[in-house]
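The chain below stands alone, shown as structure tokens; this is the form predicted on its own.
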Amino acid sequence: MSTYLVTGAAGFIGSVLAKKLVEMGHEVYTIDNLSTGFRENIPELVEFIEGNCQDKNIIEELNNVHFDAIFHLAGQSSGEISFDDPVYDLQTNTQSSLLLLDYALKTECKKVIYASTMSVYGEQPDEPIRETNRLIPKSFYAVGKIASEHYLRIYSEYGLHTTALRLFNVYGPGQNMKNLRQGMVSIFLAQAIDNRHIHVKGSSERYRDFVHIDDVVQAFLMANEDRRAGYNCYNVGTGVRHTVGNLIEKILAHLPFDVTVEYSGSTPGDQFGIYADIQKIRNEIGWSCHISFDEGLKRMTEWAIRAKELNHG
């Protein structure tokens, strides 16, 4: 049995990762401020500290517990929202990373795995994007994530094994359907189910790489099993390009009722299009995605409709 810290276990990805680690028989701690996550998402048996990861006093509440690895997933996770309060965004996404890296070093935790983002790339050519591509961030959120990646790299020189996973558009059952400013699939699906109307901000020709939550959690687990030293950075996507128009068509096809669609407006800091080259993560740690977008979207739609019915008795 190992002991892990999974920050953000009240959130979408963190809760699924924490649950998986508990099922595997490990001891799990979490820090979460419940700003966008839900207490009921935190699995049973997880030691919960409520607060901000960028708060030194909260980090001290860990009482120098030795972790076999720290999975840092907590943080504000929307490019659009980062424009509301850039200082808070920097604190939650970057200052938190620095404090956790420092904690890892002091307590001889050898491994830190960080949830980074495809947002670090900004605008790129219409081709699979590699980890070596130039980073041209368009949002404060992306700038903070890049800074955290550099902190990971520098701390690796002190003996930590650090990994940044650049997550592409993660979706799946359990995503926060109430947050209409984060998560393209969940935003459109929630609008369709709640309003029978989808409002798309931006062009239908924009494109993304949608990766299912179960595949993403597997990437974190496999990154933890990697025994190589130093700093590593990997794309976590499918390598498949889907336009927004294509996404809308697929959502409508899975719904048992008619939905109207409107295209108008735009979103600050939005990338026009991006999809991943996943050769590096496949070659170096053996990860690849197993859930197709059609199958994953079907599962998520069925889950979302059931959840809506349960909430309305």
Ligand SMILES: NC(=O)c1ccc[n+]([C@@H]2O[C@H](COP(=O)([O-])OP(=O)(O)OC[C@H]3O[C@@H](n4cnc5c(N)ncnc54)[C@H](O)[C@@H]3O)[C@@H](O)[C@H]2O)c1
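A quick note: this is a predicted structure, and the numbers were derived from the prediction, not measured. Note that residue numbering begins at 1 and tracks the sequence as displayed.
One more form of this protein, predicted in complex with the named molecule, exists but is not displayed; see below.
The partner is not drawn, yet in the predicted complex one stretch among 168 to 176, 128 to 136, 200 to 208, 155 to 163 has residues with heavy atoms inside 4.5 Å of the named molecule: 168 to 176. Although the partner is absent here, residue 74 sits close enough that one of its heavy atoms falls within 4.5 Å of the named molecule in the predicted complex. Taking the partner from elsewhere, residue 288 is found to have every heavy atom lying beyond 4.5 Å of the named molecule in the predicted complex. Looking at residue 191, you'd find every heavy atom of it more than 4.5 angstroms from the named molecule in the predicted complex.
The shortest heavy atom separation between residue 276 and the named molecule in the predicted complex exceeds 4.5 Å. When the named molecule is considered in the predicted complex, only one residue from 218, 232, 116, 238 comes within 4.5 Å through any heavy atom, namely 116. Looking at the named molecule in the predicted complex, residues 10, 31 and 51 each place a heavy atom within 4.5 Å of it.
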